[in-house]
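Just the one chain here, the form predicted on its own, laid out as structure tokens.
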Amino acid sequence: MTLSPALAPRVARVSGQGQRWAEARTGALLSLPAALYFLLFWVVPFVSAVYLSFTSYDLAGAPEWTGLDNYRRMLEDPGFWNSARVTAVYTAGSVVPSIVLALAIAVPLSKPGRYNAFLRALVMIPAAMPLVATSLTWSVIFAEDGLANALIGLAGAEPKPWLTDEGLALWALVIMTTWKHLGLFVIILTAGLQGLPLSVFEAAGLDGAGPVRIFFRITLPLLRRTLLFVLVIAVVGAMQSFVPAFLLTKGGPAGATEVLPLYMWATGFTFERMGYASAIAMVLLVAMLALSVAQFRVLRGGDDG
């Protein structure tokens, strides 16, 4: 059957619309499992946590609405403020050296070299290890007869109670965290450095700029977005760190390593104050969002691109 010239464009338009609807239905069906997963395991728990933060809930009975009581209690809770201080020290102590060391290692690894590909794979080994396995390994290293005391013993120092001393335990966690995440940061920064335009560095060299000046005046500004990404994931990861403190020290000694996620877990599941634990989770979330926004503002500066 031959269509008249007047009907042909209309039939083609209807056929095209039908094909687009079919593609849209197929796309919706394919994305449905991921959407359901996000809804059930992200949206629902988050909304539940927000609601529970305004209630008194002991896991046995029904939640009882208490308004802002949990947040008022937080202001007067010395355990919360101790955990907040510990989290701040742990975050700063692990993030700053991790990024500085990663940048120092990434600069030479980003240049052509015979063994650089092998070295980049080597530094990724700690990051590829499961966090539980890493924590258990470092618990052996920091044991009384472990590798850490053996090394300082070579320098004539006395053995240290790394995981049981209030002044050392947190820094033991910082050392472990720095070692764990250093390789990932090195790889990200190496990729960022390799993506920088060589012409800029060649022009700076022709103008007589030395390596130090090139690094601080050219390399760092051009690497700003990569540094921003590394800084954000490092800070967020440190602030929600739970496994190292749980496995190595259980928050001790005397709360010296009780980071906020561990305090929140103990409040909810050990003391069964799930409403108060949810309020702590909300405060931690807001703190992470605020710090992330601050980092974007500082590091992006006037860059609108």
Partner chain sequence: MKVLRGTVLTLVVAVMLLPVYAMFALSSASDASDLGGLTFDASQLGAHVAQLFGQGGFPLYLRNSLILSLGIAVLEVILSAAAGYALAQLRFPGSRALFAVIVGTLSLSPVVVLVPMYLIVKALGWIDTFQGMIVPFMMSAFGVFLVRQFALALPRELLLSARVDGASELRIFARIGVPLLRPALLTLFLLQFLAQWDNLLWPLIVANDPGLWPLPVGLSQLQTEYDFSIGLVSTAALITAVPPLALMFLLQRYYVAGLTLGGVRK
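This is a predicted model, so every value here is computed, not measured. Residue numbers count along the first chain shown, from 1.
The same protein also has a form predicted in complex with its partner chain, omitted here; what follows describes it.
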query	finding
One stretch from 88-96, 155-163, 224-232, 69-77 that, in the predicted bound form, holds residues within 4.5 Å of its partner chain by heavy atom	224-232
Tyr263 within 4.5 Å of its partner chain in the predicted bound form, heavy atoms	no
Interface membership of Val212, its partner chain in the predicted bound form, 4.5 Å heavy atom rule	no
Ala277: touches its partner chain in the predicted bound form, heavy atom cutoff 4.5 angstroms	yes
Its partner chain contact at Gln240 in the predicted bound form, heavy atom, 4.5 Å	yes
Position in contact with its partner chain when the complex is considered in the predicted bound form, options Leu168, Leu119, Ala204, Ala84, heavy atoms within 4.5 Å	Leu119
Contacts with its partner chain in the predicted bound form, stretch 256-291 (heavy atom within 4.5 Å)	Pro261, Met264, Trp265, Phe269, Met274, Ala277, Ser278, Ala281, Met282, Leu284, Leu285, Met288, Leu289
